[in-house]
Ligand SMILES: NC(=O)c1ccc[n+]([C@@H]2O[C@H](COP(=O)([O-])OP(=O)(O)OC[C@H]3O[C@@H](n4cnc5c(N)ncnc54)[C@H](O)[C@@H]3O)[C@@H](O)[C@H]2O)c1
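This document starts with one chain, in the form predicted on its own, laid out as structure tokens.
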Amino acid sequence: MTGAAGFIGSHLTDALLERGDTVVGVDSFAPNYSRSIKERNLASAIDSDGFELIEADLTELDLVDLLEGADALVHLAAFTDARGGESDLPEYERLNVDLPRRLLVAAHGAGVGSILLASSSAVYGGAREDGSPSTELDPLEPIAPYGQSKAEMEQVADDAAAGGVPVACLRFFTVYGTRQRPDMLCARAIEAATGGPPLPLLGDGTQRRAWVHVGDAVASILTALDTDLAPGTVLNIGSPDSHAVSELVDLISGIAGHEVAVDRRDAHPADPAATIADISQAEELLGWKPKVDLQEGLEEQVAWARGL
């Protein structure tokens, strides 16, 4: 697994170990946020006999050697700045397009039987104009370099699948929950409600997101690993319900018992007005649908943040 010390990666590591799998996790511990947070994410895994951590930049590793003997590859590592601009294009290309291409070649050469790549709802550029959910057959119209890089990654995967590489892409919508990156909306709102600085709120708060709990996101990955998906399969992983950012802020204020202080700022051009997920394909092919509702998931995340 790549990105093992991150938000989703560390939860997935724990889940794989709990069910008895052996996990080789690779993470560069990039300085996008504190190393101590990433180390804490792996606290329960690091002493497991079934876990090996490799701290390295994947672009500098012998990938065939790394993947030799692996049954499956889950690629979560990425350049994750969804609001990056033209100056970041080389990093998007290096980490979100070229690295997956090299991993697919190496994994195929090593005989890896199942490959999952983490994509994003950012490939859609936002919900349909009529407000109906995005489906996997919709055209990809990203509005920022991050989404464009994920769309290009999916094309790389599609080309590899045409050559028989057993790769599938999971398009994650807005994932939240414990261990969330500190720069993400829920984490910042909870910090603001528990004595931290005000939440920088971009836009008027009417933007809608299909939030999905990290536990549900991990469940989708586990099920996809255990399912014989056709090469080139792409699945939306999100909630069929969408909630406005202002609703989320109000929920967190109520759970925390303190109003989320807000620093209102202009909307960012890379932020779509809405993301809405059609998850019927994930339900059909994986038997997956989210189980954790937003209130429950936020209660858990607030309690976790207070316990740090």
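What you see is a predicted model; the values in this text were computed from it and never measured. Throughout, we count residues from 1 along the sequence that is shown.
Heads up, the form predicted in complex with this ligand isn't pictured, but that's what we're talking about next.
Colleague: Check Ala56 for me: does it contact this ligand in the model of the complex (non-hydrogen atoms, 4.5 angstroms)?
Modeller: It does: once this ligand is placed as it appears in the model of the complex, Ala56 has a heavy atom within 4.5 Å of it.
Colleague: For Leu235, is any heavy atom within 4.5 Å of this ligand in the model of the complex, or not?
Modeller: Close contact is absent here: in the model of the complex, Leu235 is far from this ligand, nothing within 4.5 Å, heavy atoms only.
Colleague: Though only this chain appears here, would Thr80 touch this ligand in the model of the complex if you measure heavy atom gaps against 4.5 Å?
Modeller: It does: once this ligand is placed as it appears in the model of the complex, Thr80 has a heavy atom within 4.5 Å of it.
Colleague: Can Ile8 be called a contact residue for this ligand in the model of the complex at 4.5 Å between heavy atoms?
Modeller: Answer yes; at least one heavy atom of Ile8 falls within 4.5 Å of this ligand in the model of the complex.
Colleague: Please identify, from 113-121, 190-198, 225-233, 132-140, the stretch that has a heavy atom within 4.5 Å of this ligand in the model of the complex.
Modeller: Within 4.5 Å of the partner lies stretch 113-121.
Colleague: Would you kindly say which of Leu63, Ala30, Leu251, Val245 lies with a heavy atom within 4.5 Å of this ligand in the model of the complex?
Modeller: It is Ala30 that has a heavy atom within 4.5 Å of the partner.
Colleague: For the three residues Ala15, Arg40 and Phe51, verify that every one has a non-hydrogen atom within 4.5 Å of this ligand in the model of the complex; reply yes or no.
Modeller: No, the candidate spot makes no contact with this ligand.
Colleague: Residue by residue through 161-187, which ones have a non-hydrogen atom no more than 4.5 angstroms from this ligand in the model of the complex?
Modeller: Heavy-atom contacts within 4.5 Å come from Phe172, Phe173, Thr174, Val175, Arg181, Met184.
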